[in-house]
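First comes one chain, alone, set out as structure tokens in the form predicted on its own.
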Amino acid sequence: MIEVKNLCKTFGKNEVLKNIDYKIEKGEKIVVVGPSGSGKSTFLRCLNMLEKPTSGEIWFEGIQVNGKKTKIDLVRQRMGMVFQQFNLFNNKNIIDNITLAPVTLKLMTKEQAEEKAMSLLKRIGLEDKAKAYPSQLSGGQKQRIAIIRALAMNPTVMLFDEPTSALDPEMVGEVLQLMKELANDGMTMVVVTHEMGFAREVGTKILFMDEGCIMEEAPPQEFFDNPKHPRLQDFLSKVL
């Protein structure tokens, strides 16, 4: 579904990503872990061109995402993205936040979008918040709204950039629960996170990044129980 070839990204003289090659198959849950500054979020943001690669190719559903003629907005409609800081529009109520993109892009009528939004809100038990504003919600509620807002576009893959790192510890569970449900429904996911329990439980593969490279990848059990790279062994000894 996604193929990354020789992906490099530099900021000035700082090489953040170094020749990354990786393939993501439909239905996989790829969890990316590693120390701060290892290039995890940059890697994720290159997939939908929020960061422009310095060199290399990114392919998604047979389209070169960073091709000169590619209409990136059309690609992004198929790639849901959830950020650390929710990125909801504070001046719009919840239902307008969810329906804005599908209606503006003429993918649905206002009625269709609102019906879809309400069914998604019901799914997460927040249908009573449809007319509330983001400032009236908890962090966990905002992040769950941000996730279903991305789902309202019917994406084929969901990208999560440290979706729980801005939350109070007691709100992390409700967001991870929704992500687990999405995983169980078969959604293709790429998740940058520090939540090792989630990685172990939900990931089909876990990537360890450091210094702009993928140093190790393995299914969860092997990754946690039998890490091979000394740098990964050191990392796990500190976070587990």
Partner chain sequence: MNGFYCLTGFFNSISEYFGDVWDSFYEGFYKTFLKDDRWKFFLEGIENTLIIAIGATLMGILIGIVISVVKVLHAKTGKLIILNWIFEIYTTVIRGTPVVLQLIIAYNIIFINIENAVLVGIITFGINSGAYVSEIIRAGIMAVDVGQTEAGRSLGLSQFQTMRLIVLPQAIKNVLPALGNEFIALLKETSVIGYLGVNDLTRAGQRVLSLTYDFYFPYISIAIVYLLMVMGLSKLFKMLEKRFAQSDRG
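No experiment lies behind these values; they were computed from the predicted model shown. Positions refer to the first chain, counted from 1.
The following text describes the form predicted in complex with its partner chain, which does not appear among the structures shown.
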property	result
Selected contact from L50, A183, V172, I214, since only one has a non-hydrogen atom within 4.5 angstroms of its partner chain in the predicted bound form	L50
The unique member of I72, M108, I95, L120 whose heavy atoms fall within 4.5 Å of its partner chain in the predicted bound form	I72
M79: touches its partner chain in the predicted bound form, heavy atom cutoff 4.5 angstroms	yes
L100 within 4.5 Å of its partner chain in the predicted bound form, heavy atoms	yes
Contact flag, K142 vs its partner chain in the predicted bound form, heavy atom cut 4.5 Å	no
4.5 Å heavy atom contact, I124 and its partner chain in the predicted bound form	no
Interface stretch in the predicted bound form with its partner chain - options 60-68, 199-207, 183-191, 42-50, non-hydrogen atom within 4.5 Å	42-50
Members of 105-140 lying within 4.5 angstroms of its partner chain, judged by heavy atom, in the predicted bound form	L105, Y133, S135, Q136
